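In structure tokens, one chain follows: the form predicted on its own.
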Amino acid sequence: MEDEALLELRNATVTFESRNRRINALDNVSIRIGREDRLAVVGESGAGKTTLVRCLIGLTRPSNGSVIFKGRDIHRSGRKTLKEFRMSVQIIFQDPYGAMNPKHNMLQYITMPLKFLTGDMTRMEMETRAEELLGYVGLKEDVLWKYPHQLSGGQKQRVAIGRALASDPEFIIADEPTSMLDASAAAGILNLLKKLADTRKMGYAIVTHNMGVAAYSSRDIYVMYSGKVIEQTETAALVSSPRHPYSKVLLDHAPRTLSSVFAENSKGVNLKGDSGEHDPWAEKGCRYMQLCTRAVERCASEFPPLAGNESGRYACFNPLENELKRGQ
């Protein structure tokens, strides 16, 4: 991550009340995003990915910690900074259909952010801009006059990407952008994001439960478990030599071929177990300990901090490196 920081989470914690219990859905998480980074955030359901996304785009304010955009805390900034933030950082939601008003055609859907973010474009200018945006994402201009029910899942996701590009963002966050698409559409969406990143010199973060999708689309990766980042490194390094046991489990369950990366109905890895004894929100110790075959005594009382250096960090008292060295 050589780029200057565009967006950061600094020691962010988000606490919710659940059944008379306080749960840190995000627990002291720090993420640094450069302007041309290609990141993946990966973890199973309940890992804290959605809360992370909501923090990064400003919809959820951390209970502790801060969200920093170009050196300024977005929750302590004025309207000018917030407007720049909204234009610079855009979101692509998991369900494009759910984000669309069935009574609005695609012209209305795409131009809505232009009305709020620019405010000085005529109707003709907005229509011309919408046609340009459809061209960027490989769709013909007649799509502008269609309604959500008239488009395929892949087409709707492409329109959603076109809308995200309307403000010329510096960074796009894509929340499970392929989970509701068939194989060919999913491959097309990931390839489109990579192409746009190349041609427009922008960055993106893909948030996903699928390690195969993460490996295909990113240069750097954050692995999350129960609200914490448990490994952060270059994607190629993690794929070849994971350090945290949970990262290895995700890799072991990931598709091994490019075609199967985009398999329909791909599901997250279910690591909850059948006994019901595992508590992923334990208040002390490593939350992964009860599922880990490498747990040591310290794991019961301490959560391991992220160790390592700028090229890679992991939260484990007995990382896989030890095992790899013994096998050499």
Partner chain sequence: MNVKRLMVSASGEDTFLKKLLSNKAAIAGLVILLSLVVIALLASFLSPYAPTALVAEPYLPPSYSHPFGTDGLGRDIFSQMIHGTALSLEIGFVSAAGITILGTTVGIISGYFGSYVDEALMRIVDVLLVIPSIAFMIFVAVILGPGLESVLIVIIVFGWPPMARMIRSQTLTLREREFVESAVVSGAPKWYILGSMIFPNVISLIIANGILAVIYGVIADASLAFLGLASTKNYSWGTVLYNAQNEGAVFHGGIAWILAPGIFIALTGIAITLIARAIDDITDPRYSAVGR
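None of the values given here were measured: they were computed from a predicted structure. Positions refer to the first chain, counted from 1.
The next section is about a form of this same protein that is not shown, the form predicted together with its partner chain.
- Out of the listed residues L165, M126, M100, I74, M100 is the one that sits within 4.5 Å of its partner chain in the predicted complex by at least one heavy atom.
- Between 295-303, 53-61, 25-33, 66-74, the stretch whose residues reach within 4.5 angstroms of its partner chain in the predicted complex through a non-hydrogen atom is 53-61.
- Contact between M112 and its partner chain in the predicted complex is found at the 4.5 Å heavy atom cutoff.
- Contact annotation for Y136: none of its heavy atoms lies within 4.5 Å of its partner chain in the predicted complex.
- Residue contact with its partner chain in the predicted complex: Q150 places a heavy atom within 4.5 Å of it.
- Taking the partner from the other structure, its partner chain in the predicted complex has no heavy atom within 4.5 Å of any heavy atom of Q232.
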